[in-house]
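The data below hold one chain only, encoded as structure tokens and taken in the form predicted alone.
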């Protein structure tokens, strides 16, 4: 019989070297030590019991030597998951290991572009996109999302204008979008691909949140919608966000172009020697993809409830806030500019007065000034405490 999971359980993550809890001050130096962390995107929930059991079994082997990820069991688990969930038939030979999606994006930028080439992103967007482009000596070109009728949309006219520029080599697509929570429709995604095809640009599609949609919403892998362009699409996936395994450092990068596969292998194995996954990561991923369905369905129910709770809380207590509909991810994007439009003052208000550590909207580009990103993958009690602290600080 499948286990029933209790996501209301409060786990003490202090003194575990948790980035989110113990090392918050390294990354958010203005945060008080007792701030509630609703910032970095990992969950405060225990992982599924089958995954824990697989890790216990791995521990009982008593040897943790070098491991490789291309076993039949591993590839079957990955391809089986995406076939069941998205009707995506992945060629096992296209699956390549990376310790994370962000490292993969950094490596792909280096493989697909030359110094001073330009890459399009769609702000407000996950800020490591900007960091990896700039830190690798490339140029950021912004195709900002626009708000129409209370909903974020892509600006296709602006996108096409940029794609005409020969210095721009490609686009990093966030799908589902972090932080605004959009799950792009088939029409939107097909339009992106048609434009990129017209101007012969590659697409890195970051789909790490693809499993974490609301119960009524469907995520569409870009490659499934546009298989005829898949040689120019690199899809970044991982069990890390879905199953709370980020610290195990494993992602699956889907590469279809033979030349890029060769260059990826030369970079990962030949130059960097970072192509081998931990034995714990491998067994956890196999278990997650083979046995994690029941846990994930319960998680999504709980997250849907948390997201409703946040929306209702702001509507009741801070009605000038604009809470954008979260179709995917466990991150809620909130416009608080009607209460404080200065991003520096808003950050101080959250950290010093509310004692709640969030990912500030300005992290995601100037389009995020006056916004906050809330990570709601935590017990309801923690979330309610944080929201009440925010309310008190804003209304004081």
Ligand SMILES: Cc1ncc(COP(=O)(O)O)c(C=O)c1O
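Owing to the predicted nature of the structure, the values given are computational and were not obtained by experimental measurement. Positions refer to the first chain, counted from 1.
Although it is not shown, the form predicted together with the named molecule is what the next lines describe.
Undergrad: For residue 223, is any heavy atom within 4.5 Å of the named molecule in the predicted bound form, or not?
TA: Contact check for residue 223: no, nothing within 4.5 Å of the named molecule in the predicted bound form.
Undergrad: Answer yes if any heavy atom of residue 289 is within 4.5 Å of a heavy atom of the named molecule in the predicted bound form; otherwise answer no.
TA: Contact check for residue 289: no, nothing within 4.5 Å of the named molecule in the predicted bound form.
Undergrad: Would you please decide whether residue 182 lies within 4.5 angstroms of the named molecule in the predicted bound form, comparing each non-hydrogen atom pair?
TA: Contact check for residue 182: no, nothing within 4.5 Å of the named molecule in the predicted bound form.
Undergrad: I'd like to know if residue 279 sits close to the named molecule in the predicted bound form, meaning any non-hydrogen atom pair within 4.5 angstroms.
TA: Contact check for residue 279: no, nothing within 4.5 Å of the named molecule in the predicted bound form.
Undergrad: Counting heavy atoms only and using a 4.5 Å cut-off, do 178, 208 and 240 all touch the named molecule in the predicted bound form?
TA: Yes: each residue has a heavy atom within 4.5 Å of the partner.
Undergrad: Looking at 97-105, 143-151, 292-300, 313-321, which lies within 4.5 angstroms of the named molecule in the predicted bound form, counting heavy atoms?
TA: Result for this chain: 97-105.
Undergrad: Though the named molecule is not shown, can you say which of 307, 196, 119, 174 has a heavy atom within 4.5 Å of it in the predicted bound form?
TA: Looking at 307, 196, 119, 174 one by one, just 174 meets the 4.5 Å heavy-atom criterion.
Undergrad: Since exactly one of 41, 47, 349, 28 fits, which has a heavy atom within 4.5 Å of the named molecule in the predicted bound form?
TA: Checking each option against the named molecule in the predicted bound form, the one that comes within 4.5 Å is 41.
Undergrad: For the stretch 370-389, I need every residue with any heavy atom inside 4.5 Å of the named molecule in the predicted bound form, listed N to C.
TA: The stretch does not touch the partner at all.
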